[in-house]
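As structure tokens, one chain now follows by itself in the form predicted on its own.
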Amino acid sequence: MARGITRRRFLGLAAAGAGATMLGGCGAGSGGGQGGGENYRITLIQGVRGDEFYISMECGAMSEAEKLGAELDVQGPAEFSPAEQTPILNAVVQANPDAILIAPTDTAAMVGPIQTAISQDIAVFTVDTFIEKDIALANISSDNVEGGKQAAKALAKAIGEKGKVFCISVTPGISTTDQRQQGFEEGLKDYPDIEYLGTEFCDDDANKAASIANAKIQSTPDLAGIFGANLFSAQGAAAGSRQAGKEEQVKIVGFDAGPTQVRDLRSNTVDALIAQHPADIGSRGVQMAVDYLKSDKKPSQKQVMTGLTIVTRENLKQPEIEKYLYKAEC
């Protein structure tokens, strides 16, 4: 029997109907495509809504869902926080979808809520981020350690392989940014003339990141570079550099490639971006979920890595680069 018509199809139309009403405001349903998705109901739970990375992931997921004939709903918390994300996941579980794609906001705190979803016979895949317990069917993400190493290499090049640098990240305990910080620190070991001043955390708040960057520039007049480990960290680093009037002195490499970051790159405030491929993460997640629901066979890969692209002013307009710049809307 195809998994999409297991016992959960018969748990009660009232619950499913209530869930559809409750969950319909944030996302978009799609269905009726030609790919044999059999109207499987899939929910994508973003790490935070309004982030162009997750919007781009949504676009890829929506396109694949339409292609495969699956129904897709998209939800996301207002803040990148397990306290904000857990109630959303709990509500989605009550709506009883066939599969959930979720970007967990904490490696430890989201284990219990995800286990609850799995216990309700819902197929769960993690996208972008992951949890410390190996209970999801698979994780689809970028190679974030490698991305951090690429950021170290790009920043070293921008500062002539010498000087003082530091990192702005989100908060400890997030799998992706922890790995980027790890990769950045490992990558800097190849440059003995670069002094690493450590990492400070902005709680995914661009304004706080700007204050951190500005304060660091003021306290370290010879600061050479900053690595912003995610979209809002990088945006804030650029803003803080502008506030301090140090755009020419302080070189910045940012992870992610949202519209504001691309604008900062064009204006010489940022020197390079490490673009993930979030649309590929979304589409691959939907594809894997439908494949599993149709066959009831666990994926052959527990970890699926998507690509990374280094974006510079020199290659920004190349079609093979432009396609990986993030979208503010689908």
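Note that residue numbering begins at 1 and tracks the sequence as displayed. Keep in mind that what you see is a predicted model, and the values were worked out from it rather than measured.
Just so it is clear, the following notes concern the form predicted in complex with a small molecule, a form of the same protein that is not shown.
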Among 150, 241, 176, 85, which has at least one heavy atom within 4.5 Å of the small molecule in the predicted complex?
-> 176
Students should find that, of 58, 264, 64, 51, the residue having a non-hydrogen atom no more than 4.5 angstroms from the small molecule in the predicted complex is 51
Want to guess which of 227 to 235, 186 to 194, 213 to 221, 161 to 169 is within 4.5 Å of the small molecule in the predicted complex, heavy atoms only?
-> 227 to 235
Might residue 129 be said to contact the small molecule in the predicted complex, defining contact as any heavy atom within 4.5 Å?
-> yes
Wondering, does residue 276 line up within 4.5 Å of the small molecule in the predicted complex on heavy atoms?
-> yes
So in the predicted complex, does residue 125 come within 4.5 Å of the small molecule, heavy atom to heavy atom?
-> no
Are 80, 180 and 256 jointly within 4.5 Å of the small molecule in the predicted complex, each by at least one heavy atom?
-> yes
